[in-house]
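As structure tokens, one chain now follows by itself in the form predicted alone.
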């Protein structure tokens, strides 16, 4: 069924107005207290900011995802601080040789203590954001419990 010229204009302009209204509401919500409250902006320290710069300079998003954005070659790092802990992250970042978990090769950054601490602070801050349950908790079901 084809729309008449008049119906097509009404449909187009109506859709444009509704979409623009949604854009304004979402922009308002972003600029109000909602985003700083969810991201814990008050915890942004010089170390977290330095860690973010290191993240960008080394193009970590080329391989890793964070908050669902980035490459899918390497693991998702939004909650890596909770999953692996500070010691593990520091060991990986300071490794002098390329690290190869499950056949994927991680660059040997051989970071100094300060840079590694800054990256850890950044990853910890990201992990503390309220992302409405993202990433979801894995459902680890034992195969022993499923056998009958």
Partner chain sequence: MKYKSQKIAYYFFALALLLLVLQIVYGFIMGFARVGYDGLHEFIPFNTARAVHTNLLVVWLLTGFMGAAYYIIPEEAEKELVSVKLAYVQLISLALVGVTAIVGYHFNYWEGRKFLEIPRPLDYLVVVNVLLFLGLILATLFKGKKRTTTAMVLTMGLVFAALLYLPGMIWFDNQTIDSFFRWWVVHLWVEGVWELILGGILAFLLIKLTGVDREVIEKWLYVIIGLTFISGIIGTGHHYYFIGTGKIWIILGGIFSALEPFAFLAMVFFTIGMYRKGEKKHPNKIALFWTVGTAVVSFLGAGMLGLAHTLPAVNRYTHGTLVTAMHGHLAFWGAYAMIVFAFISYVMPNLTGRKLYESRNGKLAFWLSNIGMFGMTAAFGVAGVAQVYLERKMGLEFGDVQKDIQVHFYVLIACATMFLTGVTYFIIEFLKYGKPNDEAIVEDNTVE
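Positions refer to the first chain, counted from 1. Computed from a prediction, not measured in an experiment: that's the story for all the values here. Throughout, rigid core stands for the largest set of C-alpha atoms superposing within 1.5 Å between the two forms.
Beyond the structure shown, there is the form predicted together with its partner chain, which is absent from this document and is the topic of what follows.
Asks: Just give me the single entry in 27, 114, 110, 43 that has a non-hydrogen atom within 4.5 angstroms of its partner chain in the predicted complex.
Replies: Going through each option in turn, the one that passes is 27.
Asks: Do residue 128 and its partner chain share at least one heavy atom pair within 4.5 Å in the predicted complex?
Replies: Contact with its partner chain, no.
Asks: Spell out, yes or no, whether the shortest heavy atom distance between residue 91 and its partner chain in the predicted complex is within 4.5 Å.
Replies: No - in the predicted complex, heavy atoms of residue 91 and its partner chain never come within 4.5 Å of each other.
Asks: Taking its partner chain as it sits in the predicted complex, is residue 80 in contact with it (heavy atom to heavy atom, 4.5 Å or less)?
Replies: So residue 80 does not count as contacting its partner chain.
Asks: If you check in the predicted complex, is residue 95 within 4.5 Å of its partner chain, heavy atoms only?
Replies: Contact with its partner chain, no.
Asks: Quick one: which residues from 7 to 21 get a non-hydrogen atom within 4.5 Å of its partner chain in the predicted complex?
Replies: 8, 9, 11, 12, 13, 15, 16, 19, 20, in sequence order.
Asks: Indicate whether residue 17 shows a C-alpha shift of 2 Å or more between this form and the one not shown, with the rigid core used for the fit.
Replies: Yes; residue 17 is a residue whose C-alpha shifts (by 2 Å or more) between this form and the one not shown when the cores are overlaid.
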